[in-house]
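Okay, so here's just one chain, in structure tokens, the form predicted alone.
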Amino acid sequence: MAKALVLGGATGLLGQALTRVLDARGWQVETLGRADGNLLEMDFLEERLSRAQADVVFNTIAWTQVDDAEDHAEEALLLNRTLPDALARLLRTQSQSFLVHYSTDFVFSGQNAAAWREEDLPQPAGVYGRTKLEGEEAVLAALPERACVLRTAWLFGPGRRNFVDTILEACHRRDAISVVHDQHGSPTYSMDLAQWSVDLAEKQTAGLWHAVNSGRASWCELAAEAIALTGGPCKLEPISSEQWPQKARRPAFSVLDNSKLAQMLGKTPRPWPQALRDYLFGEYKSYASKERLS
């Protein structure tokens, strides 16, 4: 039986999805999080990695509060660069474990003629994107043949509050809600991302990957689809980024090209609207119930 250690697997949106998928595929799964100890203390981290003896380590822990990162750059760097670098270096000398690490579409900024490919030059606009880029570079430099980095984006799924949940809850509280229409990205279902992650881990396919559902959307389009699918009673008002000021600048266009992943899978990842319907009405239909949204 293959063994996996999932950092962030007990509470994180992606971590919980990974533990479910791994368990369903017959893996032996252990989780490790910040509640278990100081992951930035090298003796503790080394001891837990040694104890786990995992075939694959999945690192889903990150500083993901984009605006707060602007004011807490050192703390963001510790989680987004220092921790993955330490993981990769420890695994390089300690075991033959394979490392799966996650990055973000925020390593890109501005516009592009087409969806961003793995070989395109990253140009992060803020602290969050910059520290995530430094983290992925550190992992691939320290463990080039036994690590893969998955850039993903705009996650929704069961287990933890996300953008779709927030929109639907707001829609049942208010007559109208405003959502930004001029930022475009790749909505991605956490359960699909977990499946692709395990596929890559089982094949031990190293390198950099863009792992997102197919298609693109603005935040407003994603919100509109969720509201339409659930018959939400509120009115949706598109607004510009300037009308919704935030401390950290968001990429105007961060759509990721998933063709490399599709080639590895032997099929194109399903479109995000289909994945969204599965989230709302499939196995996790209770997440869209009126009782939950009241």
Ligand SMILES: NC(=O)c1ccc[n+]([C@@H]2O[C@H](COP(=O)([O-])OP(=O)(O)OC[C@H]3O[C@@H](n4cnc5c(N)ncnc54)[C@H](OP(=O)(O)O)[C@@H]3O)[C@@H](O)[C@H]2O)c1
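Please read all numbers here as calculations on a predicted model, not as lab measurements. Residue numbers here begin at 1 and follow the sequence given.
Keep in mind that the form predicted in complex with this ligand is missing from the display, and what follows is about it.
In the predicted bound form, at least one heavy atom of Arg160 sits within 4.5 Å of a heavy atom of this ligand. Using a 4.5 Å cutoff between non-hydrogen atoms, Ser259 does not count as a contact of this ligand in the predicted bound form. The closest non-hydrogen atom of Arg48 lies beyond 4.5 Å of this ligand in the predicted bound form. Residue contact check for Ser254: none of its heavy atoms lie within 4.5 Å of this ligand in the predicted bound form. Contact check for Thr82, Thr131 and Gly135: none of the three has a heavy atom within 4.5 Å of this ligand in the predicted bound form. Put simply, of Trp154, Trp116, Phe98, Trp196 only one has a heavy atom within 4.5 Å of this ligand in the predicted bound form, and it is Trp154. Stretch 57-65 is the contacting one of 223-231, 23-31, 241-249, 57-65, since its residues have non-hydrogen atoms within 4.5 Å of this ligand in the predicted bound form. In the predicted bound form, this ligand lies within 4.5 angstroms of at least one heavy atom of each of the following residues of 11-28: Thr11, Gly12, Leu13, Leu14, Gly15, in sequence order.
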